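Given next are two forms of a protein chain, the same chain in both, each as structure tokens and marked structure 1 or structure 2.
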Structure 1
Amino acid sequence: MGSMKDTKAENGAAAPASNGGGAPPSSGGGENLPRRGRSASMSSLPLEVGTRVMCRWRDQKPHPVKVIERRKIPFGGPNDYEYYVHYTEFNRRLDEWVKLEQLDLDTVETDVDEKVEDKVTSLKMTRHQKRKIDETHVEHGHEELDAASLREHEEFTKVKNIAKIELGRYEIDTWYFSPFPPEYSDSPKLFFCEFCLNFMKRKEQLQRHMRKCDLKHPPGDEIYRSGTLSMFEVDGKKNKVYGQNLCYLAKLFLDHKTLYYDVDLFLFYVLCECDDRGCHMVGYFSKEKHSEESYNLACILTLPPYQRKGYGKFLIAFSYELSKKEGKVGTPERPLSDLGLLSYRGYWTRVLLDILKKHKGNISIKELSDMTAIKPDDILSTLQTLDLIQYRKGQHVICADPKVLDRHLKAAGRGGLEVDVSKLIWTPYKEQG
């Protein structure tokens, strides 16, 4: 591939330039520097995309990272860059822009990496690697929507466009890219109105908006209230802008959410903590009005400031309560995120094991499903993961040793906030007209 040669040439060209810059001059001459393995660290600034290096994280400890992107620091020198890095141990939600001083340049593995890649390209190139190379060499200036520009877009989602948001009381670091309208993509921080979820680029704009905003709670119907906790049902068709705002916001925290289709066909269940300032959104889940695949939940999110407080479990439980009222069995749309799967497994474990603890006599999976509105597949996978279904004497049995059950229940964690079904005032969605 000719493209690889280009990269090398760039490296070579960059080396002398860095000598001229702020970096301390190394002992060797300019010509033989770049090809000397790890000692090239100081001379190869700025770091190339794809470089592996150790980076000081927020725990003040070094962690391995991979450089995803770099950008010039405004008003900096020619080699003053900051780097967008991916911590290889963690989910990509922790990817972030870091300053050069956070990187341990003694650990740079650019040459090693390149050699490996060279070998790979010459010997056997997997599709992924090929794509990676293609991606990094997408030509610019393609206006029509061909495969190249698609890759460009894919490439673009690798870097978060909005770094922070302000939402009500909290300033929150975002997790993922979200396809905000192009007018907003250049702003590092967006200001959301806590109630109507309109977003603005400046604090003054938000403050002006707050003076006129007439909402103190999500725009739909309140269908549940218990203490300070309220649930609102918002119809995406009736409140399109709100639904879209919510989706833009949620995408910042959900990797596998798509905003491809309109919000018309969804209902949004927004959970709020209420006080004398209004109903503050804690999290939400969305649900298709008519699901062909018996999904009772499309997307679920607890906003970061409210995470690990049991709200997620409440939302999951709530989605099943709605399914029970509909008289349907439901399941969440896939894929589940790591955090989502953890919450769901916990919920299923708790619900099923509570029944098994109390139940006398035999019980079928179907009966469990009817009691809980959990899809039989999910019940099976949960019980099998916990090794509670055994095959003995030619038949399956459920092993419900109370001690074992208690251990599993403990591991599944607290139940979170209980859904008080008597406080749910709701009728299933019906198409009007």
Structure 2
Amino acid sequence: MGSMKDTKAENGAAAPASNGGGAPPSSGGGENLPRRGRSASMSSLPLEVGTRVMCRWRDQKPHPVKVIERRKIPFGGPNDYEYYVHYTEFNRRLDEWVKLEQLDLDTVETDVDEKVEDKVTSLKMTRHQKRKIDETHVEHGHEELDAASLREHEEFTKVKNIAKIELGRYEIDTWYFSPFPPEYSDSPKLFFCEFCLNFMKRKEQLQRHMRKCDLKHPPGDEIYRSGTLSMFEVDGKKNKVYGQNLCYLAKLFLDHKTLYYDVDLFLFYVLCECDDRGCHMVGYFSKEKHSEESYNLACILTLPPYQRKGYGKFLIAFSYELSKKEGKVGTPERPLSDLGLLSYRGYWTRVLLDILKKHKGNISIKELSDMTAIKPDDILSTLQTLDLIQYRKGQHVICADPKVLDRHLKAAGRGGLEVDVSKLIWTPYKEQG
């Protein structure tokens, strides 16, 4: 299948996208939804796709949902269905199949015309708020699709096809649809070899595979090792199957991605925690071998069990260290999601504030770019967000008041894991024989 380029850094830059399994941030809305129709009784079963109703979530509290799909329960009665629902307060990754007893039928609402609702909603919401409504607005990361293609994409990916995976010592709940080959689409759980990333439908298949698989780390070259952390560079052309399997795996946790079927064009940088059993993948980023737009990162992911440990920031920092080695400025592939922008803005903020805090005298955006490999446009937008730049007499002037810098540094929080550049042994792709 192929390499999927993130059209936004996510999540792991995306690490901030995880909430450790707790209740996710609300996207507005709430439990007191306006009624759009008369209450339904058992006589209205089965519920139609598009129905809105209150559903008991894992916190044992009712939350508003919209029915996305339904399926018959084998050997059940005519009204015995399970329902795939989207929690309208939460991110799409929490969509799930629920049983009828989780739904409060006294709160059933007949759905209004979506086009009319969109027009009314768009008048009341800011652009930032509209980004958070998944089911009625364009998903960011798919702006390159026309309306018909977008509808087809949303229809095709609306229901998660794989509920869980086993990877190494972790069993992980998936978040999104991933286009696995059809023979795997009916598997509630897939079992991955954590080293070669081959996947199977049954545990015994994985056990047989592990007895034969001689890999103990990702294929490719180890370009960094510091303590128990290692980074491997994997060439998609030389390790096509691994690259494809990595993309299948990543798509389970990244919503805003476009699928490309040629991994030959990409390099994958796989971060691992190493012990006496081998090198265990915690996350990765990919980049095009040749990018006309100076993109230094196409897709980024920290796997859920390893999120909120600083690995996402480490991956971003690592991508910029490679840019420095290349003698280029870099920027992540656009468009960025809200969370992707948040992750990068956090990195840019920390790096720029550290320099401004230590630097004596004036410094230009060009000088900051040369020092950090961050694209001037990204520096300018970050400093504008921090209110650290003014436009005077036809040019931008950085205003770095020490007290303001200290306040921003405190708000920025800790910097995360540091990349020890002395441990990086790497030759840029264009220079490889």
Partner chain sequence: MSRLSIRPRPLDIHKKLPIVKSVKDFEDDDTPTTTTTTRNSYFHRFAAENDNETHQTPSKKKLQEIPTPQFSTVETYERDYSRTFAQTANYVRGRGARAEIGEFIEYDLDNEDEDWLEEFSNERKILSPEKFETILFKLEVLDHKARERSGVITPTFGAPIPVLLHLDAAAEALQSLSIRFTVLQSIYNYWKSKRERWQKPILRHLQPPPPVNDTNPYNVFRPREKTHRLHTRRMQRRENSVQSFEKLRQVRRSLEQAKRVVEALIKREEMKRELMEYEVNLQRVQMKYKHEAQLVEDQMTLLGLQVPSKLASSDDDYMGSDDTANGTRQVGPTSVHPRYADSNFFVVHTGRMKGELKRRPVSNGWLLKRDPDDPMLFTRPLDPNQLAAAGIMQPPCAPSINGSIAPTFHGRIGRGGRIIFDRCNPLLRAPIGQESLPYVSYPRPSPPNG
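Small disclaimer: the values here were computed from a predicted structure and weren't measured. One-based numbering along structure 1's sequence throughout. Only the largest set of C-alpha atoms that superpose within 1.5 Å between the two forms is called the rigid core.
- The second of the two structures is the form predicted on its own.
- Annotation: Cα of residue 409 displaced by at least 2 Å between structure 1 and structure 2, core superposition.
- For residue 68, the Cα coordinates differ by under 2 angstroms between structure 1 and structure 2 after the core has been superposed.
- Positional change of residue 399 between structure 1 and structure 2 reaches 2 Å or more at the C-alpha, relative to the superposed core.
- Overlaying the rigid core between structure 1 and structure 2 leaves the Cα of residue 390 displaced by 3.2 angstrom.
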